[in-house]
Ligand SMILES: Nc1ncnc2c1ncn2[C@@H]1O[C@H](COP(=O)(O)OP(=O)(O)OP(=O)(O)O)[C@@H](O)[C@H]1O
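Below you'll find only one chain, the form predicted alone, shown as C-alpha cells.
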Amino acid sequence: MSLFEIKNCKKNFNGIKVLDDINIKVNEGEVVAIIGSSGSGKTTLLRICTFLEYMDCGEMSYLNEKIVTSEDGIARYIGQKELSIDALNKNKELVRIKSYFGLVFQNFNLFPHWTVLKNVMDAPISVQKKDINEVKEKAIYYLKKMGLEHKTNSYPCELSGGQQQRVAIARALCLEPKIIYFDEPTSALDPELTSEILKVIKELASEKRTMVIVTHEMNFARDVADRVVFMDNGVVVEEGKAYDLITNPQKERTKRFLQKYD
C-alpha cells in the first residue's frame, strides 16, 4: 500500500530553482534513505512533505488521498485558497493529515522550558486532542523504549545530544504516525552518539515502521534502507535498491558522490 507519493514537485526560492520535477513514492513498511550533497534539496523536500514549506507546483498524496494538485501549473492544497506558510498552518484539512506523519529534526527542536515528558505528550494532546491519561501512558512507554524512562522529569538542557534526539524520536512515535521523517538525525552528534541513534533507527526499521531518512551515513543507508534516492541540484539523479545503489551506482554523478565515502 502506498502511504505517500509526490509527483512533479517544483520549488523556487527568489527565482532560484531548488527542486525540479521530484517524484518519490513510499510504501507501507518501507525505509527510504535520501542522500546527496549539502544544498541538493533534501531538507527542502522533507519540509514540503511535512507542510513546513509549500511547493510551487506538483502533486502530493497521503494514503491515496490527494493533498496537492496542480492542474493549472500552480500547487493547490486541499482546503485552502492561498499559497503561504501561514495558510498551511491554519488549514484544518492539513492539520488532520499531519496526524499521518512524525518528523525528527537534526537539531532535536525540543521545547527547553518543558520537561521530557511534556515534550513527548504535547502534540497528541494539543493537536490530536487525545485523552491526557492515554497519552501519558504511551509517552512513558516510548520513553522506556528509548531507554529514557528515568528522565521523564528532566529538562532538555540536562540531557546529552543523543538523549535529546531519543526524546525527539519518542515524541514522533507518540503521535503513532503512519510514516516518520528523519532530517539528518545524527548531523549534530559526535561519532559515539551517532552510532547510538542509528541503532535506535535500525531497531525501528526491524519493526517494519515506514520511514524516510535524509542521511549522510552511507553504510547505514546501505544496510537499513530498502531504497535509496540520490539527489543533486534539486533533481533525483538515481533511485534504486539500497544495497545495489550504494555498492554499484549506475550514474556518473552518483559514483562521484559515493567515492567520498569509500
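Just count from 1 along the sequence shown to find any residue number. Predicted model, so just to flag it, every value in this text is computed and none were measured.
Not pictured, yet referred to below: the form predicted in complex with this ligand.
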Could you tell me which of 23 to 31, 37 to 45, 65 to 73, 221 to 229 sits within 4.5 Å of this ligand in the predicted bound form, going by non-hydrogen atoms?
37 to 45
Can you work out whether R209 and this ligand are in contact in the predicted bound form, taking contact to mean some heavy atom pair no more than 4.5 Å apart?
no
Touches this ligand in the predicted bound form: V18 (any heavy atom, 4.5 Å)
yes
If we check this ligand in the predicted bound form, which of the residues in 131 to 166 reach within 4.5 angstroms of it by a non-hydrogen atom?
none
